[in-house]
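To begin, one chain is listed below as structure tokens, in the form predicted on its own.
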Amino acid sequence: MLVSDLFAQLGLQQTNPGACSIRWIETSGPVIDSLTPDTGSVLGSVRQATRGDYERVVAESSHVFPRWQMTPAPKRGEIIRQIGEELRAAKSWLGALVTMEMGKILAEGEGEVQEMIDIADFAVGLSRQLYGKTMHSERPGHRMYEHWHPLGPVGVITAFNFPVAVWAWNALVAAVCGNTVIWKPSPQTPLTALAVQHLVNRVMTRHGFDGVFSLVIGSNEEIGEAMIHDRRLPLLSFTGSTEVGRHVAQGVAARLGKSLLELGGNNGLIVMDDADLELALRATVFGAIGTAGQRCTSTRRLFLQQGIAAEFIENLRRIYGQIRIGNPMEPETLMGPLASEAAVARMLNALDEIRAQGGTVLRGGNHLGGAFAEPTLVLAPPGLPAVQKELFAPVLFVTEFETLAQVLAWHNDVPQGLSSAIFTRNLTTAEIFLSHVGSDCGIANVNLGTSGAEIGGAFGGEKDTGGGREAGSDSWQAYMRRQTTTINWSGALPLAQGIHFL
């Protein structure tokens, strides 16, 4: 199927400029090609936005913000609901486009669109639940409570591995809170961004709110840097590597703005000798090879208690030998390509370094041509330096351990702190893992893997993962400013702390 056919099914035109706010903007920026990782062929070409285009988009986003924020939150929620309906109608075709452009298998491509639909549903409910707390005042005849107000235009920079879902986590929640949103997608996945922007435009135009959601496709050097340093964007959400995240955080902090960071993950899965081994095996395989190991929540470190280690490793070797690798559009495929041939080269170079450090490749590690590589098992002795780094590839480090205390120390001894998991039937073991002396990650699971978080919970991690929280729970508060209010209806003017003045 051609990408032009997918755009036709969505009722869209494939030839579009690289910036959109109230209208599509004709731009003179350089052209980039979107390449399918599967074959390396060109799916389509997009002309990038210039700095001047960016300025127009921000101005228009700022212009519509006062009217959008004054729209009652439940009415904003109704508009978001209609965006969710557009996504439902386009799920199969948009999911296929995600698969073609990013390379994840078709089930995951459609799953990513379903994640957008789910967050739209969540935002609709949230529109009637933007709660503030009430507090008791120490002064007679006074009432204290909190207001939550939108911030203004919010910037969202997304990564290639989840080209549309992470935008939805941010944009739909931010918008229902009353903000406008400016989106810079990864230059590797511009077509999915164009398709989503078109779908959103259908709804927003019907309601007279063009410009609430804007898209700017451009380079990191020109558009990304502009967003980092733009004081008109009170919040910048960034998803990507820890290295780039540090640069984003420093730039935004220098202007006293807020940054929401979702950075690297180096996720560990612990299997105790009392675990349901079949369950743990299935979770390990999906966590390690899903999206070809290119999820921020991918399982990268596997810790096996010595009593079950040999059997578990043998079963992993057997299953890894049966993984169907190939065209991600075929339903039987379990693992598609990496993002590019350059990503495969980085993986192979890392494996050479791992061997030099004392790691042993147990299975896989071969280049299969193009952007395809075998999923790889590595026996990693404790203290292997390579384990400290996030390798964005289907490489799983396997380490044996003796005691829970030992494995918890090893598990937490990495710079990253996103997702974690333990498999055990022992209640005490599970509770220790979830306690303050257990996992130091933002996500901690018992008897399920590190990957595949639901949108109802807050998503994010600690340490080098950046500390941001997106999606569910109270993550909406990141997109709003808190205002504490006190009302005096006493007719007197008592001061706090019992101070007497005049």
Ligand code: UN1
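Everything numeric here is computed off the predicted structure, so don't read it as measured data. In this text, residue numbers run from 1 along the sequence as written.
One more form of this protein, predicted in complex with 2-aminohexanedioic acid, exists but is not displayed; see below.
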Taking a heavy atom within 4.5 Å as contact, would all three of 76, 201 and 213 count as contacting 2-aminohexanedioic acid in the model of the complex? no
With the partner left out of view, is residue 35 within 4.5 angstroms of 2-aminohexanedioic acid in the model of the complex by any non-hydrogen atom? no
Examine residue 197 and determine whether its closest non-hydrogen atom to 2-aminohexanedioic acid in the model of the complex is within 4.5 angstroms. no
How about residue 167: is it within 4.5 Å of 2-aminohexanedioic acid in the model of the complex, going by heavy atoms? no
Would you check, heavy atoms only and a 4.5 Å threshold, whether residue 476 touches 2-aminohexanedioic acid in the model of the complex? no
Tell me the stretch among 143-151, 185-193, 296-304, 246-254 that has any heavy atom within 4.5 angstroms of 2-aminohexanedioic acid in the model of the complex. 296-304
Pick from 162, 372, 397, 93: which residue has any heavy atom within 4.5 angstroms of 2-aminohexanedioic acid in the model of the complex? 162
Taking 4.5 Å between heavy atoms as the contact cutoff, choose which of 467, 472, 452, 438 touches 2-aminohexanedioic acid in the model of the complex. 452
Stretch 458-479: residues contacting 2-aminohexanedioic acid in the model of the complex, 4.5 Å heavy atom cut-off: 459
